[in-house]
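Only one chain is included here, represented as structure tokens and corresponding to the form predicted alone.
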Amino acid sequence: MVDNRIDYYPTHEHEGIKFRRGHALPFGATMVADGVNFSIFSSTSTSCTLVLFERGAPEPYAEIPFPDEFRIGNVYCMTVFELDYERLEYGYRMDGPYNPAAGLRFNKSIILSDPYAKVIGGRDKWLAKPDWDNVYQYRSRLAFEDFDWEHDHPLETPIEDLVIYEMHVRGFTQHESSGVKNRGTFSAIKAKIPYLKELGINCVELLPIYEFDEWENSRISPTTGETLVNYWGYSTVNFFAPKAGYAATGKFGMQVDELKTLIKELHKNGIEVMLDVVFNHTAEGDQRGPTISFRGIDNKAYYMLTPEGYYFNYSGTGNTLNCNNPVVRNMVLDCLRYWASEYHIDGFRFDLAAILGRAQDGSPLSNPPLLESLAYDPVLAKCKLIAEAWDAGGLYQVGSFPAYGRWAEWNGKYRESMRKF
């Protein structure tokens, strides 16, 4: 029987590329029958163009403007047919007014990364010096959901029984004394599982593992002459994409499979995996920072802005993610659901979590919708939720963080006392 579904067929063509109006949801790039569905939100732009690259190519091979009828509400959506999934990199150009005082910072000359991209290319190896002349530094790619998890699932160890090892993926095995291959990578951690079990560890909490730029704010040390880089990763470029530079196979674009293999092996050995997630700010900084993604797509939606159009800085890093804007709130939910369902993550530790309870004007909310949504989300129902219950703006909520019977808290003062002891 031949399936003659009409949405398998193109209705438009641009420079030999065939496409049709797409599906508004889900956001991001999704493989569909014989094509890829691209969907992106922007409430204040006037137009959007999809930009397509061959992997690693210096210039795009096609730029397809979204026809007006492809915009549904504030969402641009398009299905493009007969693309080479394996070699594809994509981005967007957003057009609209440039009026910083009104919170609008559109610049059509910049190619923007997809906030929902599941893989980011262009930073494929740790400390490989970037090509600063590259027209598109952080390249959105597709992820392939063909990993064999066998019978793996989150372990659901009671939180009171956890012995948690807070771990920097690179630092844990980088020294030669670790005695492993591919030091400083996901695969190297796998080789150290017997050591973790010997310590009595049953949970590893990974410091930020999603894509960030270690060259951000890099400089030469005046005392040693070495290059100082962003080692810790608390400066997110993309919330959905694991960092290629933490994977031995990152140069082949296989960071997704390498991380999933590590998680599966840890679970086999009774060790849970938590992620340190940083939903309080991004790598775009304040008005002096780079435009990578969010700022160029919908600055007013994604960031908390002063009445003059500058960035509130409750994170201490230049900007503050506007987490209680409903669109941003949904992105955080979509992201955590993705990590829980596609990576079998057991729990999350939220960096500067007090920010997640601030209103769009910065004031603390008594019943923050994001925290409540996370507490009652059906996909995250068995995940641990741990709040670092303060922020850089002075909000300190240890003992009073809105918990809904679900949230645990970090106690920083207790931690420091234990370290001194």
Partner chain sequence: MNVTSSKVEDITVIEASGNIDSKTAPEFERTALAAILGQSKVMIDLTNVEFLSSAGLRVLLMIYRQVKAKNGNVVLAGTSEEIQDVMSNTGFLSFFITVDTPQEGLKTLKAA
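Positions refer to the first chain, counted from 1. Remember, it's a predicted structure, so these values are computed and weren't measured experimentally.
Although it is not shown, the form predicted in complex with its partner chain is what the next lines describe.
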The chain here is shown without its partner chain. Which stretch in 338-346, 280-288, 145-153, 236-244 comes within 4.5 angstroms of it in the model of the complex, by heavy atom distance? 145-153
Of K197, R219, R87, K129, the only residue with a heavy atom within 4.5 Å of its partner chain in the model of the complex is R87
From N202, N330, N107, N182: within 4.5 Å of its partner chain in the model of the complex by heavy atoms is N182
My question is simply whether N74 lines the interface with its partner chain in the model of the complex - judged by any non-hydrogen atom within 4.5 Å. no
Partner proximity in the model of the complex: D95 to its partner chain, non-hydrogen atom cutoff 4.5 Å: no
Its partner chain contact at D124 in the model of the complex, heavy atom, 4.5 Å: no
Quick one: does D276 come within 4.5 Å of its partner chain in the model of the complex, counting heavy atoms only? no
Determine the residues of 232-249 with a heavy atom within 4.5 Å of its partner chain in the model of the complex and present them in sequence order; the list may be empty. A248, T249
